[in-house]
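The chain that follows stands alone, in the form predicted alone, written as structure tokens.
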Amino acid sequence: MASRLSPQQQIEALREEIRRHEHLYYVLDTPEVTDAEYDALMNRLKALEAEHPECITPDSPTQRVGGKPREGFVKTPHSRPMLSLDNAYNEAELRAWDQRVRDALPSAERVRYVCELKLDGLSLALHYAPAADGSAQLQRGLTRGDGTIGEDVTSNVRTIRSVPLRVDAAKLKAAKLPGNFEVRGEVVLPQAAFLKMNEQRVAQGLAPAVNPRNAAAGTIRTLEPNIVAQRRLDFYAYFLLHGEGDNAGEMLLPTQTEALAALRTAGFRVNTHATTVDSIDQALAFIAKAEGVRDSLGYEIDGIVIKVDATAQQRRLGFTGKAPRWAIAYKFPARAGITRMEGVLFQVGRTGKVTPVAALSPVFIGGTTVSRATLHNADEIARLGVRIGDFVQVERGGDVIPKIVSIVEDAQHPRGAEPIVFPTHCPRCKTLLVREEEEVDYRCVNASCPARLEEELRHFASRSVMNIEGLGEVMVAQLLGHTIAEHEADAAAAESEVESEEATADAPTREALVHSVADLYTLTKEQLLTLERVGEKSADSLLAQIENSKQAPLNRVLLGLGIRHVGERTAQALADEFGSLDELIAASTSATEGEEDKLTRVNDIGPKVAASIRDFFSNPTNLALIKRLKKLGLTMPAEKRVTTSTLEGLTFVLTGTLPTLTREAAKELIESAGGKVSGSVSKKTSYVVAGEEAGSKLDKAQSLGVPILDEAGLRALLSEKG
């Protein structure tokens, strides 16, 4: 008997059935059908949609993978920054955080915490928007990126079966969600999928991935969704945010406990190992329990995240410059193993620093095979007394960076005989190494050292600096004259998890196209087409990215120049203070005896950083590089955060909890009006803005006679001077 349902109705019924089975399998881990039965349903839906293409919709299960490979990812701002968390490594640090939270809130208020597993993957933000049928459909998926701007990886996110492509109206109603909302969570690669992926890579003659976290990050940024779909990535949701309006990016529900429950009701995968507690003692009990089941979870975790439950309390606690005050990550103790040290490599970084790296017999530690570990510097080698051939205890510090913590010596582990000799000359360019007074590191001072140049190019092109998409390790190696085979062979030889500044060891086999960062702006399409795996589209894309970087603001250019001790915050402060590179150079080179140092007048810049800046801009080679960059079209605009000059010339210090403004909001108000916010009180402080529970900063302000304002006084000052 022919079906009485129309093709549209048959298709929609099949979709709902498939969605239900996907939820059971990928979210709840309770499948009701075999893989073959699921495939039969999917094939039937594909056939019906092929017969009736007018019925195909973006949220159909058949549309998780589709379209041609992408040529790159569009960068998109987050609704609010995706910040990292401060860490606690022991009970004392966790209790100290708990005390800070309670001290910052009224003593009569009850404080509850939500404890969740700290999944070892990569953060993702999913945006949903209302559809005509009352459901909410996935619109966009963004990586964390630099925290402020992420990459749009929606085509790859759609392949993750635990990510709902739509949330139907009934689930929205049950979860009490609007049609427009944002979900943040973690993408992980389960251990079984990681092992299977590595088996396939080895069979293909490729090097195995180092760990599941790196593999997940690499997968989500793969430009071919079909490849992403072959790997069983999982998504665990843990934040529920407003999706539009003035509250976009703010917490959607009154508590984190309610948010996790709503996410489950809406059909998202939420980790079952989560609990709400009334005290830090209960949180510590949860931590102990989580450590006990850590190895049986089937995915990597590296600690526990503890969050203040109440959204209102979160708002009052606010943020530091980099992390929320209302949450902390308790990191598990480092995992350790014993292995033999076979040798030492000396790697040269962007600033010329030479880092000794131990080459180890591979040892499996906490889900990762470790074959390299940092030895930090010559002083650390001397302190350990380590020799080549020694058996050593290796830890993954903070579960990330392998390091040698001690020598193991017993009947089964005899001492090695060969001492470690720290080089006197650069391993790459043979320049005599220099160790400055009061420093522990030896450095190559040759600005043209090829090892330094390779790291300099990578740094210059990175996302947080000039943001040149496509200028990765392989491209940099080719621009410096290496073939891909040479680069991969060298990378395999130097495979390491060490967070040091690595460099290619072998000499290039052909002439380099780039000898400084300025040469990037002289590259031609014809030159790029001579490189391996570079076609018309990729060459055009890279040249467009390089051209776009000419508009990078002054603070990013300063960061890209690689001035020692100048990080993101200092670069921004310099750009805000001087407004142009010429003014900064003048301030760095024109001071006369007895004149106040113009550099140390800038907040957070002390004598050591000022000296480093002066040294950089006094170097003729560096000045020649800047002159050439300008000639090649870099505009270096100063993107000051100032929109008015209302508070220009005034310095503020914030302390305590304000009635309606978070610390970050107050800081933004002051800086957008031309004022500066400092972290410490001095005679140069113009005003201290104090709220409830103000501490030692208020006492110091009173002792120095610095004027004190409350929130109303700050707003009045803004109004009066405006």
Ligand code: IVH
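Numbering starts at 1 and follows the sequence shown. Because the structure is a prediction, the values reported are computed rather than measured.
The form predicted together with the named molecule is left out here; the points below concern that form.
The site on this chain is open, since the named molecule, superimposed from its pose in the predicted complex on the surrounding C-alphas, has no atom within 2.4 angstroms of any backbone or C-beta atom. Of the candidates Gln200, Ser84, Thr522, Ser462, Ser84 is the one whose heavy atoms come within 4.5 Å of the named molecule in the predicted complex; the others do not. When you look in the predicted complex, the only residue of Glu116, Asp98, Asp309, Asp168 with a non-hydrogen atom within 4.5 Å of the named molecule is Glu116. At a distance threshold of 4.5 angstroms between non-hydrogen atoms, Asp234 is out of contact with the named molecule in the predicted complex. Not displayed here, the named molecule is kept clear of Phe617 by more than 4.5 Å at the level of heavy atoms in the predicted complex. Although the partner is absent from this view, Ser123 contacts the named molecule in the predicted complex, with a non-hydrogen atom inside 4.5 angstroms. The shortest heavy atom separation between Pro356 and the named molecule in the predicted complex exceeds 4.5 Å.
Site residues Glu186, Val305 and Pro324 are all in contact with the named molecule in the predicted complex, judged by any heavy atom within 4.5 Å. Comparing 512-520, 238-246, 157-165, 336-344 against the named molecule in the predicted complex, the single stretch with non-hydrogen atoms within 4.5 angstroms of it is 238-246.
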